[in-house]
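Here's a solo chain for you in structure tokens, the form predicted alone.
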Amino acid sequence: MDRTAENQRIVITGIGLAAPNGNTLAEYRRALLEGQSGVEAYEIRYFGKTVAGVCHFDNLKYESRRELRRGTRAGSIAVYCANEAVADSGIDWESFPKERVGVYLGITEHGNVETENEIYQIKQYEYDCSFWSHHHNPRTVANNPAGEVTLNMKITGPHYTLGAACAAGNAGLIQGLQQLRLGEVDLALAGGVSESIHTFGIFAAFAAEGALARHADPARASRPFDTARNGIVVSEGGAVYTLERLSDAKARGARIYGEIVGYGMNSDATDFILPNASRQAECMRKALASARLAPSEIDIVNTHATATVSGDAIEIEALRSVFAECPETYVNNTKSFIGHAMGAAGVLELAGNLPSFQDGIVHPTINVDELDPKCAFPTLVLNKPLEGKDIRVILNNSFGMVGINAVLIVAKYEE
């Protein structure tokens, strides 16, 4: 297979997103460059007061109230992002053959929110299961978020979700790319979504692990690499991309955000939670080999770092082994602005960096008052943007629980 042929080169032609600090790419990018956090005070049943990244998109823009009641929060985010992505792409959606569209969405988990809510509801009736919702099964099947997109947009091509923990967003893009290369579809709606903040269980579990962020100022709670970091800020969100073959995108004169030139996925096979620096480094090298690039040709590495004490240091250890001799490879982190959007993390973080191809600015990691020596790296961009750079290649890291890793490389498109 000749991956240099235009029908094998896969490009990004549309982006739709819902982030805690923006509902369009322009809003989101502006927030990242202006240091605007999307983390706020939050309270959830049983667990109580905490902080979270909450999305505030218009969920009635593409769905009726009845559809929202019947569906799920993850589905609502997915529907919004998918419609925004198609609109942003400029494709003639009305005439596009819907059987040639595939929907591939990464998720961390799905169904916990609905199950918790329905158990809470029947508790009011002494656990009488006759009050259990008949919508439970379609709400909680694993393919639901992608399925809700097909129902809403009348897509008759394939759809499924990919359960890949916090590497799921990148996995969704990789799947879309592969299906386009195989000729299974002509347009892929690919990315990731998360409804995590609506389940008390995730907050309780991270708290039990000693890995849930706490701070008097919610906007400063997510602080990767800082000596005072104390855990994850749980967030919701989503990002869906329209992916097309370069030949098709050029034929219709599409704007191209970037070209996916390489990727890697592997497994740690060492621990349920604790990441493995060697396996992370192997995954980055695998992506570089796929892209036929040297480490020094990467201009931005967007880190996965979630602001846990061990996780951040382990990822920096992996970066040192791959990029130690790369003085022009800049390293940043997007979770410091939005928290950890789980299945949507990788694709939201990539989206926040893609405008660097046009504006030449590397957005920073914020909330770093004192850099942890274990996280020191010479080209970390901290607290203020780095301007005036020629950005041509971005490497995006996403690492998840039970040891799943996904790395994506996107290059600036040039003829």
Partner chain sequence: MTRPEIRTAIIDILSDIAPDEDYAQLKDDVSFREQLSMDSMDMLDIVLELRKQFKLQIPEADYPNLVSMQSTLDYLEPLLADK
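Positions refer to the first chain, counted from 1. Remember, predicted model here, so these are calculated numbers, not experimental data.
There is also a form predicted in complex with the partner chain; it is not shown, and the following applies to it.
- Using a 4.5 Å cutoff between non-hydrogen atoms, residue 138 counts as a contact of the partner chain in the model of the complex.
- The partner chain in the model of the complex is not approached by residue 96, whose heavy atoms all lie more than 4.5 angstroms from it.
- At a distance threshold of 4.5 angstroms between non-hydrogen atoms, residue 270 is out of contact with the partner chain in the model of the complex.
- Interface membership of residue 64, defined by any non-hydrogen atom within 4.5 Å of the partner chain in the model of the complex, is confirmed.
- Not one of 320, 323 and 374 places a heavy atom within 4.5 Å of the partner chain in the model of the complex.
- Between the options 310, 156, 121, 278, the residue in contact with the partner chain in the model of the complex by a heavy atom within 4.5 angstroms is 121.
- Site annotation in the model of the complex: the residue of 178, 143, 133, 230 reaching within 4.5 Å of the partner chain with a heavy atom is 133.
- Of the stretches 47-55, 66-74, 362-370, 344-352, only 66-74 has residues with a heavy atom within 4.5 Å of the partner chain in the model of the complex.
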